[in-house]
Structure formats: C-alpha cells, structure tokens
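One chain follows as structure tokens, the form predicted on its own.
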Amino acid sequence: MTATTITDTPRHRPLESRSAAAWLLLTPGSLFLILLFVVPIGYVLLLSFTEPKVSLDHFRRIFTTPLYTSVMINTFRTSLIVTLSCLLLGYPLAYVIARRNDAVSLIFLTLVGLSFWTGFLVRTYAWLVILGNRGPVAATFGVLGLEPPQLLFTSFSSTLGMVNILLPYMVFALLSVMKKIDPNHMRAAASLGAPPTAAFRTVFLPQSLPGVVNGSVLVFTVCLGFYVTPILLGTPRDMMISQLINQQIEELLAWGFAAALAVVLLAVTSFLMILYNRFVGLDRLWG
C-alpha cells in the first residue's frame, strides 16, 4: 500500500478536516435548536422585562399578589400529588414487569406501551365520558341505589387524568433501572436467611432508587406545565400556572406578565434539572 492511499483513509486524515466535517454535521441541528428554542425563549425573557416598560414589576406582582401566589402553590402541590400517585402505582407495576418473564409481564408491558400510542387529548376526553353523569361510574352508583358523587370538573378528576397520562413515564423510568438489577442478589439474600420483605427492603429497593428519582423528576417537571387536562377535567378554583398564562394572553392580552409567568416556570424547571444533574446526572435520566 502506497503512502498516498494511507493518507486518504479516514483514520489518517488531518485533524482539521475531521473537525470541519464534525462541525458541518452539527450545523443543521444547531440551527434548528437556535431558531425554534433559543430565539423564542430569549424573546419571552425579553418581553418579561420590557413589556410595556423596562422593569421588574411583573415578577414583583407574581410573588406579592395572593391570587398568583396561590396559583403557584397549587401548581407545585398538584405536581407533587401526581408524582407521588404515579410512584405508588408505577413501582409495583414496574416491579412485576421486571421480575417476571411470563405472559403476565408481557401483558402489563403491552398495556403500558399502548398508552403512548393514544394521544393524551383522547385519553382526557375518555375521562369526560367515564366520569360524566351518564358514564359507567354514575351507572354503577345508580345500580347500587346510590346517588353518584360529583366526580367530573373537580380536583380529583383533574389529578386522575394527569396520573393516567404520566404513569407510563414513571413505569418506564423505573423499569429501565429494575431490569439492570441482578436477580442473583435477591437469591443470595434469601439463601442467607432474609425473608422476602427484608430482602426487598435491603437489596432491591436501594438499587432501584435511581429509577425512583428519575421517574419522579420526569413526571414532576412535565406536570408543572400541564394545560389541556386540568382545563378540561378540573375546576377554575384549582388553576395551574399554564392556565394562568393562557388567560393572561387570550383574555387580557398581557403579554409581558404572561412572559414573566413563563420565565418563572422555566426557571423552576431548569433549577430542578440542574439539581438533578448535580447529584445524579442527566445522562442517567433513563437509567
């Protein structure tokens, strides 16, 4: 092989040409992110300080007006309730899927996966039917001779709808970690005399905690920005920050104040991601 053919191979190309090729490949994706993410976010940040004049009045108003403070508190409270509910429901389901290798595990995994093929708007409208006055829940109470409670357009129905939509995210985040836990660890604990509950508490649970953190952070941050499900199933008394932003834009045309609310929501989400990255690492978000 001649020297010319050796230098023509990709391994022996000059470092400068390989760097130029790498930057060329990164350019389309970088432009896409800049135009569709960085520029709009920068514009929203600018509006929050300059509309209608340069000041911090919008942020001062958010944290000093009881109405807006209560909306912020309700947003975080609802997100926390949804996260804990998804964790309590998703952990046993992910545990069964991870520990079993039979038809039961396959059925559960298929049912969880099917939820990703159904739009969240469709699932939200399904809850309108299920919890409505002529739905199956009301019919069941009627058969039992009981007066059906008001389930629709309540905090319960809104929370239930969000749990239904976000539960698969929690399950898959847990499952990605649980699948990596060696089953021999549990067998070793059992061989040393540990009962099943003690083996689970001391062996399996600590190793699955990264999945708990991953799923909780993912569900909590997504729930902070939920809009469609709370507005269709919930009540105006339990307004979340995304609904408040929409109200400020559509009804009041208060673009500056809406931008300030969006910036606060973005800042909280970014803080959670930075905190997660500091102690866990974003590269471990999916296990």
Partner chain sequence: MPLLFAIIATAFLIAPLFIVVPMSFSTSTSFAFPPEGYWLGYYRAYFASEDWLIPTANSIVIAFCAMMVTMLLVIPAAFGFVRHRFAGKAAINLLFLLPLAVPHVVAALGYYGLLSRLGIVGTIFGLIIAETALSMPVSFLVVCAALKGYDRNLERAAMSAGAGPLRTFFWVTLPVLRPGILVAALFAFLQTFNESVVALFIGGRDASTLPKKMFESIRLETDPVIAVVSTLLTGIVVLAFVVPVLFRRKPAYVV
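Residue numbers count along the first chain shown, from 1. Just so you know, these numbers come straight off a predicted model, no measurement behind them.
Keep in mind that the form predicted in complex with its partner chain is missing from the display, and what follows is about it.
Quick one: which of 179 to 187, 204 to 212, 94 to 102, 69 to 77 gets within 4.5 Å of its partner chain in the predicted bound form, going by heavy atoms? It is 94 to 102 that comes within 4.5 Å of the partner.
Can you confirm whether T65, P148 and Q150, the three residues that make up this candidate site, all sit within 4.5 Å of its partner chain in the predicted bound form, judged by heavy atoms? No.
Its partner chain contact at L266 in the predicted bound form, heavy atom, 4.5 Å: Looking in the predicted bound form, residue contacts with its partner chain include L266, since a heavy atom lies within 4.5 Å.
With the partner left out here, check for me: in the predicted bound form, does some heavy atom of L160 sit within 4.5 Å of its partner chain? The answer is yes: L160 has a heavy atom within 4.5 Å of its partner chain.
May I ask you to state whether G142 is within 4.5 Å of its partner chain in the predicted bound form, using heavy atom distances? Contact with its partner chain, no.
Just checking whether G29 would be counted as a contact of its partner chain in the predicted bound form - the rule being heavy atoms within 4.5 angstroms. Because a heavy atom of G29 falls inside 4.5 Å of its partner chain in the predicted bound form, the answer is yes.
Residue by residue through 107 to 135, which ones have a non-hydrogen atom no more than 4.5 angstroms from its partner chain in the predicted bound form? Counting only heavy atoms within 4.5 Å of its partner chain in the predicted bound form, the contacting residues of 107 to 135 are F108, T110, L111, V112, L114, S115, W117, T118, G119, L121, V122, R123, Y125, A126, W127, L128, V129, I130, R134, G135.
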